[in-house]
Every structure is written in C-alpha cells, then in structure tokens.
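Consider the single chain below, provided in structure tokens and representing the form predicted alone.
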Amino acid sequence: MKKPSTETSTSELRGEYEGAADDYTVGQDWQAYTPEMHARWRRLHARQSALVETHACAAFREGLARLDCADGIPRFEDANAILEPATGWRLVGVPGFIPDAVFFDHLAHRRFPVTRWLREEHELDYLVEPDIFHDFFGHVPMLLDPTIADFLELYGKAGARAMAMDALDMLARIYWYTIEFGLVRESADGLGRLKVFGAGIISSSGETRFSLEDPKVLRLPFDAVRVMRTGYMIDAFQKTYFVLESLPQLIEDLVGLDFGPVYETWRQAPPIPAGDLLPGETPFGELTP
C-alpha cells in the first residue's frame, strides 16, 4: 500500500523494511504466521463475510468466493494462480506503506502490493495502517473485476504526470474515494441500493455499517473534479462518500478527462473539508442495504 498524504495523519506507522528489494517487495514468509494469527484471520473473515452478503457489491462477493480464503491467512502464490489468468494481476508482498512512485509503478505493471503483517487482537475493529487483512480481503476480490483491474493500471500510469505537476494529493483522492472508500449503486436487484466496493470500508465492520446506515453521513454522486478537491482523514470514519452509478463509470468518467487543466486550476486551492456540502449539491439520503 502506498504512503498516505501528509495532510491526513501524524500517527506512528510500522513495518519491517530491512531486507526489502529496491521496489520495496519482500517475501510473504507465510510459514512465520502463527496459529493464533490464522485464528485471528478466520474471525475477521467470518465477521466481515457476514456483512459482505448484505453490504458489498456483487463484484466483491463474487471475487471473495473465488479466492476461497476463509480458513487462514492466504498464500499470495495461490491467489496469483487465480488472478493472473483472470485479469493479469499478481500480488507482491510489501512491509507496509511504500513511496508513491514505487506504488504507481507496481500498479502500472499490474502488480498489487499487499502488506504481509496482520493486525493485533486489540485492532480488530479499526486500523490506521493497511495490514494483510485490509489489503487482501478488502482489495484483492475486486482485482478479479475487469473494470477495477483496468482502472488500477490506468491509475498507476497517471502517477508520473501528477507528481510532475505537483498534484499528487489530487490524484490520491481519486484512489481514496473509490478504491478505498467507494460506494456504488447496485442495480442487479432492481432496487438501486447503495453497496460498498472500497477496501477501507469493507475491511472494517464498523465503517461498513456506518457508510451505508448512518443518517448524518454525506453521500454524494461521483464527480471526478469534486473528488479531487475533497480532503480526507485516515484515522477516523469518513465524513463524505462518493457514489458511482456503476463500476464502469469509474473509467468512463476519467478516461475522457484531461487532468492537466484540473490540476492547474485546483492544485493550489485548499481542499474542501470532508463533510462539507457545496451550494447546489444534492446528497443521497440514508439508504440501508
């Protein structure tokens, strides 16, 4: 997982970086996981899987079922045997947060960085840094969806331009409010209910419920420029969520957008505070799954 913007938090972060390669990859060292860690994974998986059935989008549910990782911490090599034939993606182990340029390069080459350590017992409900449960359970099922698979590669390739134009924070907000904390309108049941597809939500039992059920949460229709102008925090539940009408909208809206003029116009402007509703905006109401 990439390093977050410095605007978000001053929390201490962890990870064993000694021995990492130049691209920050490390071996998973699956044999080092203890029986207690596997048991913790099983409890996390069981708890979140129950919420997935009612709160997650169909693409996530289908991807999680294909990965079949309920019995213990999964091996990256086993997941790669499923991912690579399906969408060309593969997992690489990392110690924790990695530099932006390295993160973008991995994504541009369809390599998804997965943190190898597992959260402690007292962190079951909320975690600031990404651990293996967040990265694998939260992200990897969506790598089996063709739209998300293509979007992440495009996002990785967009990183160099954002860094060159001093607009990395703006691009990072696209990832944050979609891949990490995105909602989508699920039309498969004909009811148009909102569902979760973001990993930061679906790997947290508290935020899974909060994002869809709390009446005070601001849920806005997805608009790329509005997203790039909106600030966020990494150490609390989100105050704003953006809603896609479908997963393909993620690519449809961004491929035709010239990011250069957007960066030029807004990169020096202070971000819109999370939770703020702008004049003329109409939020979604409380829509439970």
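Each residue number is its position in the shown sequence, starting from 1. Worth saying up front: this structure is predicted, and the values here are computed from it rather than measured.
The following text describes the form predicted together with a small molecule, which does not appear among the structures shown.
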query: Partner contact for V217 in the model of the complex: the small molecule, 4.5 angstroms, heavy atom; finding: no
query: Contact label in the model of the complex: G138 to the small molecule, heavy atom within 4.5 Å; finding: no
query: Proximity of E153 to the small molecule in the model of the complex, heavy atoms at 4.5 Å; finding: no
query: In the model of the complex, P74 touching the small molecule (heavy atom, 4.5 Å); finding: no
query: Contact stretch among 74-82, 118-126, 197-205, 168-176 - heavy atom within 4.5 Å of the small molecule in the model of the complex; finding: 168-176
query: Site check G63, W89 and I148: each within 4.5 Å of the small molecule in the model of the complex by heavy atom; finding: no
query: Selected contact from I98, L144, L212, A162, since only one has a non-hydrogen atom within 4.5 angstroms of the small molecule in the model of the complex; finding: I98
